[in-house]
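In structure tokens, one chain follows: the form predicted alone.
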Amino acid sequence: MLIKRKRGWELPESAATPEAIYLKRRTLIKGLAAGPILLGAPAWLAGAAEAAEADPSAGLYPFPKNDKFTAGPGRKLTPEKIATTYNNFYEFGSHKQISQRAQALKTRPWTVTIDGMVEKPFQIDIDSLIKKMPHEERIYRHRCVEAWSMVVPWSGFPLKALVDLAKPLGSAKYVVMKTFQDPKVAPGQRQTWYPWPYTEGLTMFEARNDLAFLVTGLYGKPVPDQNGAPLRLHTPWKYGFKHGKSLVRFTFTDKRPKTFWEALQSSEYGFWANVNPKVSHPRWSQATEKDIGTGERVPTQIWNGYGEWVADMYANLKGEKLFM
């Protein structure tokens, strides 16, 4: 989730393969002989082959649902079409209608780098990482600092599983996440007044919290490009601008990072970015939010309703700007 801005700091379905085919295409393609058969195949079959080659993880979905995480009282799942076409992804533009433009993003091959204060830095391709991780589906609410929200079934794995894989040193205090940078693909990155690449960070306590989640899919399928493919962060108690998309690097360090929006406008966006309806943004209230699925305005909850999991992490922090 990102914030639409202009210079001067002013706030400013493509044809789809049928779902049954989409989810089973890896099995189908394995049963085919090589090229000659595909050359004589119907157009939809050739399309399925191309899609499977583009995302080898597709046949793994859907993952088991973790019933501990629900939409919450009075909330409904946001329709998939809305959640996948109303997107903040500043790498592709500062407006919400970037879903088509984001299709330029190529997510294979995709390499994730683990470095910094770890026992041994390494790189791993996204499909090997996905196979190593304990995947499940969780329904999380998503609260944007712009005062809109949605409820989505996210697939992925706990961030703490990646932390364990990384084997950070005991002296590491933060994990810093950086997204891809390729101005040829992402026109927003040609705007030099933004501090690219997009950078986010969590404390090690936050990164190991049960709620912190790395997303690889939604609605029982791999995550679409416009929603942050192939790997994005979701920390549901924080405003969405903390949820970096299309991640390529995790660096463990003892120094607090200067995050993207903090570097851009520190008087409005801080490191912590926890949700609190009683703390207004300098230019608008955070007391309510618009559910983009229903169009209704609903009261915003402290910690976005996840206080039982996270509030204790911040109990003894004094003098910190915790809520924006």
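What you see is a predicted model; the values in this text were computed from it and never measured. Start at 1 with the first residue shown and count on from there.
Form predicted together with a small molecule: not shown, discussed below.
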| query | finding |
| --- | --- |
| Heavy atom within 4.5 Å of the small molecule in the predicted bound form - the one residue of 150, 211, 202, 114 that qualifies | 150 |
| Interface residue in the predicted bound form among 135, 101, 142, 138, criterion: non-hydrogen atom within 4.5 angstroms of the small molecule | 142 |
| All of 86, 89 and 241 within 4.5 Å of the small molecule in the predicted bound form, heavy atom check | yes |
| 4.5 Å heavy atom contact, residue 179 to the small molecule in the predicted bound form | yes |
| Contact label in the predicted bound form: residue 226 to the small molecule, heavy atom within 4.5 Å | yes |
| 4.5 Å heavy atom contact, residue 198 to the small molecule in the predicted bound form | yes |
| Contact stretch among 248 to 256, 90 to 98, 116 to 124, 69 to 77 - heavy atom within 4.5 Å of the small molecule in the predicted bound form | 90 to 98 |
